[in-house]
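One chain comes next, on its own, written out as structure tokens in the form predicted alone.
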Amino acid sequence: MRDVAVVGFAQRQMQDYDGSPTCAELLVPIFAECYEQTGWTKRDIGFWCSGSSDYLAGRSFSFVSAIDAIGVLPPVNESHVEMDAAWALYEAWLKIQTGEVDTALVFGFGKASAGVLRRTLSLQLDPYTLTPLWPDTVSIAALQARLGIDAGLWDEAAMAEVVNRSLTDAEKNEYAVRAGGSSVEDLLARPMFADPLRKHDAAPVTDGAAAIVLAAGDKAREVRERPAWITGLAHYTDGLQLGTRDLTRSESASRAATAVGGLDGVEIAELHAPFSHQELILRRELGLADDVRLNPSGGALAGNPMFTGGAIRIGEAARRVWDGTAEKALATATSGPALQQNLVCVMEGAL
């Protein structure tokens, strides 16, 4: 296996982006920031891969418009996934493993504010038995949260503690859409949104984009004194039918953690949990120790651009390795209803 590291990361998050549904205008400065971080130009990137969704943009092959941000010449080696850009990173990592390229830039983008997001995401459900009922993502997450409460696995106070810690940490994140902790008591006093969820228990609707630069071996060492070496990367999926799963668990996250060899020694974890109780599920399924620092960026509860939220978790975790805050960091990405599919990425400062 080739040694591959994260060596560049840039992001933008906002509540309502006044631009095209493809966010192409956002990508240009993000790419420029990645070039500045690495000292590279477009010619130094061996492979490009993006993550987005036509359903969100409301047009077919919407990612083609976003490719305009890369530029016409020279021609590029490009691919796309209809998923979070974390899975674009997985494809790019595989591309580097083949030996065809030594560098890659992955990016994701999404303008969720253009429609009613919780309703748009109903289209990812089973088209015959679930989508015709239009169960929205918040309601499905509320059912999941209620199942855990009724089973005694967590309570509303534990969910509020997750929110309070996340939004307090988000105060230091310049890209956070929502920030500012208060107290568990204050959070619990707020009205219900979708019982047992309150609005702060759900990630805010967020527009945005992000890019991550990968490099192999000496290429990585050329641009970073302390690259974030990817020492574990895996993803698994659970069944689509909600009735065939134990929604208080995330077996796909557990299997991914096992596939990377376990998570012993992880100091910081950026968990992609769009709802407060989902962080509690992920922590348990991943078997994280009590002293692991969770979501120092504020996590998805502070901002969660569709098709970028998972990639941002990887970028935020990589930053903690670059600056020496952590020797070993974890990031996860999730896709589908109620933590259906999960990716685990482990990064370390030394090989």
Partner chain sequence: MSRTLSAPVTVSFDYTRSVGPVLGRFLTGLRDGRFVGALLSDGRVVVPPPEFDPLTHRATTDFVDVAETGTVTSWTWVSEPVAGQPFDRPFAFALVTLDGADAPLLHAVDVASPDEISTGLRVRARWAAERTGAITDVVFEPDTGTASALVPPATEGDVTGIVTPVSLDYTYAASPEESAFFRGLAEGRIVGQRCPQCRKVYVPPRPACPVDGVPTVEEIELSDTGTVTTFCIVNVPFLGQKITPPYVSAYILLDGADIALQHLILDIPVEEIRMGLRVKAVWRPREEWGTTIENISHFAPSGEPDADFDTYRHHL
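Residue numbers count along the first chain shown, from 1. Note that the coordinates shown come from a computational prediction; the quantities given were computed from them, not determined experimentally.
In what follows, reference is made to the form predicted together with its partner chain, a form of this protein that is not presented.
Student: Which residue, T168, T237, N77, Q241, has a heavy atom that falls within 4.5 Å of its partner chain in the predicted complex?
Tutor: Among T168, T237, N77, Q241, a heavy atom within 4.5 Å of its partner chain in the predicted complex occurs only for Q241.
Student: May I ask you to choose, among H200, R178, K95, R118, the residue with a heavy atom within 4.5 Å of its partner chain in the predicted complex?
Tutor: Selected option: R118.
Student: Counting only non-hydrogen atoms and a 4.5 Å threshold, tell me whether F61, G287 and L294 all contact its partner chain in the predicted complex.
Tutor: The answer is no: none of the three residues contacts the partner (heavy atom, 4.5 Å cut-off).
Student: Although the partner isn't part of this model, could you tell me whether Y17 comes within 4.5 Å of its partner chain in the predicted complex, counting any heavy atom of the residue?
Tutor: Judged by the heavy-atom cut-off of 4.5 Å, Y17 is in contact with its partner chain in the predicted complex.
Student: In the predicted complex, is there a heavy atom of its partner chain that lies within 4.5 Å of any heavy atom of Q124, even though the partner is absent here?
Tutor: No, Q124 stays farther than 4.5 Å from its partner chain in the predicted complex.
Student: Verify the contact flag for E25: yes if a non-hydrogen atom of it lies within 4.5 Å of a non-hydrogen atom of its partner chain in the predicted complex, no if not.
Tutor: Judged by the heavy-atom cut-off of 4.5 Å, E25 is in contact with its partner chain in the predicted complex.
Student: Can any non-hydrogen atom of A189 be found within 4.5 angstroms of its partner chain in the predicted complex?
Tutor: Taking the distances in the predicted complex, the answer for A189 is no, it never comes within 4.5 Å of its partner chain.
Student: Looking at 266-274, 189-197, 87-95, 158-166, which stretch has residues with any non-hydrogen atom within 4.5 Å of its partner chain in the predicted complex?
Tutor: Contact criterion met by 189-197 only.
Student: If we check its partner chain in the predicted complex, which of the residues in 309-340 reach within 4.5 angstroms of it by a non-hydrogen atom?
Tutor: Not one residue comes within 4.5 Å of the partner.
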